[in-house]
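Just the one chain here, the form predicted alone, laid out as structure tokens.
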């Protein structure tokens, strides 16, 4: 019962950045690691699987300054489960903002869940510029932080870690604007449409 279960809480888990971070973690983990994606229908199976592990790593993106509803609904199920084992819960949070501290509220939400439900709180890794850093020359910074996270969990020396691209806000804004405009053109969406409040035409 010494392994790690990684739970991907992204609403678009199969094609998410969170999946990339989970794969990085599994590569660096010194403990047996299993990976699962949270869906709307597999909560009972996932909760049952936690009976046989020592660590859980929640990997998810920041949504509206908090945790995404996919993960929130799972935590509600976990809260109501009759789990006897209480694994240590750690989290890897990535956000599209440059500043990792934008993930603070989401990290506090995980810690609060642990405190209210008797789960030991483990390590937290907050990654700024998470949408872009994995595909940039600064990927090594994200990889290095994930490696620190994996080491802290394996050694049970829990801590808080963070990383981001070493760019000024102006440079990051300029680069991100070019990225989104380019993506919009590829998908037939204009800048004006992207700036509107309409979700669908």
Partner chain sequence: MKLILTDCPLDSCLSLPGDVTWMDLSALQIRNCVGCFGCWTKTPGRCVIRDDAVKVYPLIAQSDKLLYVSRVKYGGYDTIMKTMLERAIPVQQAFLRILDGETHHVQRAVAPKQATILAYGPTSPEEQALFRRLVDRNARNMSFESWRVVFCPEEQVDARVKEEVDAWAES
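Take the two forms, superpose them, and find the largest set of C-alpha atoms that agree within 1.5 Å; that set is the rigid core. Numbering follows the first chain given and starts at 1. Just so you know, these numbers come straight off a predicted model, no measurement behind them.
Below: the form predicted in complex with the partner chain, not depicted.
K.L.:
Can any non-hydrogen atom of residue 147 be found within 4.5 angstroms of the partner chain in the predicted bound form?
P.N.:
The answer is no: residue 147 has no heavy atom within 4.5 Å of the partner chain.
K.L.:
Is there a heavy atom of residue 51 no more than 4.5 Å from a heavy atom of the partner chain in the predicted bound form?
P.N.:
Because no heavy atom of residue 51 falls inside 4.5 Å of the partner chain in the predicted bound form, the answer is no.
K.L.:
Although the partner isn't part of this model, could you tell me whether residue 69 comes within 4.5 Å of the partner chain in the predicted bound form, counting any heavy atom of the residue?
P.N.:
Because a heavy atom of residue 69 falls inside 4.5 Å of the partner chain in the predicted bound form, the answer is yes.
K.L.:
Is residue 85 one of the residues lying within 4.5 Å of the partner chain in the predicted bound form, judged by heavy atom distances?
P.N.:
Taking the distances in the predicted bound form, the answer for residue 85 is no, it never comes within 4.5 Å of the partner chain.
K.L.:
Can you say which of 153 to 161, 23 to 31, 137 to 145, 172 to 180 gets within 4.5 Å of the partner chain in the predicted bound form, counting heavy atoms only?
P.N.:
After filtering at 4.5 Å, what remains is 172 to 180.
K.L.:
Taking only heavy atoms into account, state which residues of 115 to 136 are within 4.5 Å of the partner chain in the predicted bound form, ordered by sequence.
P.N.:
116, 117, 131, in sequence order.
K.L.:
Kindly check if the Cα atom of residue 191 is displaced 2 angstroms or more between this form and the one not shown relative to the superposed rigid core.
P.N.:
After core superposition, the displacement of the residue 191 C-alpha between this form and the one not shown reaches the 2 Å mark, so yes.
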